[in-house]
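So this one's two forms of a single chain, laid out as structure tokens and tagged structure 1 and structure 2.
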Structure 1
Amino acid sequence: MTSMRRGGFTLIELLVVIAIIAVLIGLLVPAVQKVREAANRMQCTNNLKQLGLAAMNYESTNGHIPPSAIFDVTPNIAPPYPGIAHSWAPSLLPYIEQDALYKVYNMKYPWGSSPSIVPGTPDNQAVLKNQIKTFLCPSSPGGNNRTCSGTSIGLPYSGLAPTDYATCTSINSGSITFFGYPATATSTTLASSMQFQVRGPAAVVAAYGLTASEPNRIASILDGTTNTILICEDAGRPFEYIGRTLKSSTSRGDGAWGNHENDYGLDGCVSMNSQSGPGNFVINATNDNETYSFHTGGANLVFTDGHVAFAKESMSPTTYAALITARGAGMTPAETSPSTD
């Protein structure tokens, strides 16, 4: 009787198969990550397109571009609160299919209004705890689990939903000459298309470090709507990053989508691993009041005409400054024909 030997793997063959599988996995994982990031970046682009379209629809309805923030300290405007303050985001809610939230949110009281702070006043903070997909970039770590807490204009808040988008409404006063603008220029004259709506007695407004201001009309965008940024990425908040390093998981409370401090001016950083400014690194150096994303090599921007562009980290800082200003033509060489290309 002839015996039959059972086939099988030798130890060497098994090790070879395992090695091959490991190599394939090593090749596959980066590919999957690239595909995932490409999809995330596309979703981020779509979010900003929706916000750009919302801003244009707002302008058509109201006759002006939505303000980057609303700040009103007119006496007795919202007693017993000292005034009202809102970010750009609540104004866009009806135009991004969030009309139900807008109807509950009370624009006549500050975003920090809560009956737990002042009994009988609207609970705007309860509205701001709602996560809104259009305000979130899927590339940001933490996803929907992030919340913002802190104190603003004397009002404590906690558990508020973040946004990965913000308005960069001007060049900060201490950085104006650094970016090549004349010393006579101000943050007001270098304002972007979305600028503050600030009302109230001059002395009171000045005490907050502000000056009276009204929203822009389309005709006020002298540099052209195609060349003027509307909204930028400022992603990852409340987590605070320097470069790609997590500095703190709690300190960027201004990332709440209703917080009027969800607005910043351009300073730039001295390096990609620093928060000190002014500096030539204007994209992805930090999300501490600078343009920042988790996309490789740059960040998404939506412009005042509604188109979205990807700005590279290597972009000239003076070109980026020129894309922020709405009325900067002729002030610097970069203002002649700024572009993200």
Structure 2
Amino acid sequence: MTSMRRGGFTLIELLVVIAIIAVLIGLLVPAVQKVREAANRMQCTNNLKQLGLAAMNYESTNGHIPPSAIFDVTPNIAPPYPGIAHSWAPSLLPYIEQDALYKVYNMKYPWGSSPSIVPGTPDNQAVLKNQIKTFLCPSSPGGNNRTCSGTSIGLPYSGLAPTDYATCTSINSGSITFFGYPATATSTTLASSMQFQVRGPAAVVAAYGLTASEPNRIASILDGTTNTILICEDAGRPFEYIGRTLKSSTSRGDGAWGNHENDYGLDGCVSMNSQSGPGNFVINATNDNETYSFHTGGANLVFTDGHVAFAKESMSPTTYAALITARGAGMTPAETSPSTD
């Protein structure tokens, strides 16, 4: 019988070979994806490093750390707009080789300024439509095709380019005791290194529900620049994610790099699939005003001294809070030598 058999494969042999190939591909594909993700993460680290250095250069020139947002209601400053408002991003443009954009962006008018809203005013919105690579993490789905729309301080905007990086400016007032700080502390005492700059007559400022404030100097970072986060990842906007699930593809319009509301306060989330705070999950639970990235297991952060670190999702929430505050020294046990490890 064997002598009659011609060279060929039986069905079983074929199936075995196919199964082996399938297993090999199954092993190979995740490996390739991992390499791609590692490259993306490195690019993201590099972006944050650039932003950290840009902030340091800004500090050398101006004598203070860039404010997370600017709001100026000094009378007659930007008529007919109520005042000027900017995010942290435009002031860093000259330091990330975007001087050309900085020159056309008018710092004397609000970021929402556009001749289509008030004829004759500069078109800041046109500048903010430019995608800037340094503000985008390559791991974020949607890449360059994402645009942000909405309304802010009464000015409608659309088609603006997003940022995957933003600053976590403080700990929100409802979550202060959760992170172990005394109830007497406020979002102002627990502010981070980039803080708001609010200017104008006290009465006008108060009518907006604010108090006047100036940006930090290096000397006012009492916890040390190595222990204070400058900029975090809040990736994926304008899409809104809970855990890894897409909830909406438009709702986070505040993610435009020029929107003064693109920063956020820390609350944490009850679980990795929840948006309600406070909670023990401070990284990658949601990109709705929390630190969020598409990297597996954590997010990149740049500190006020310019070093970039990868913070794990499993990191202690109180340690994370300690890294956010610029002047929390001694307030909680975690404030002594906080570290991302």
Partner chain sequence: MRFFFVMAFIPAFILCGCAGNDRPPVLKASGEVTVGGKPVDGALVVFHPQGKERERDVKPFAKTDDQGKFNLSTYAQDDGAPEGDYAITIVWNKPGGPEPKMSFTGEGGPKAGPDRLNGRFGTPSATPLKKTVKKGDANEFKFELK
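Superpose the two forms; the largest set of C-alphas matching within 1.5 Å is the rigid core. Just so it is clear, the structure is predicted and the values come from calculations on it, not from any experiment. Here, residue number means position along structure 1's sequence, counting from 1.
Novice: Only one of the two shown forms is the form predicted alone, so please name it by number.
Specialist: Answer to the question: structure 1 is the form predicted alone, whereas structure 2 comes from elsewhere.
Novice: Core-aligned, what does the C-alpha of residue 20 shift between the two structures, expressed in angstrom?
Specialist: Comparing between the two structures after core fitting, residue 20 shifts 4.0 Å at its C-alpha.
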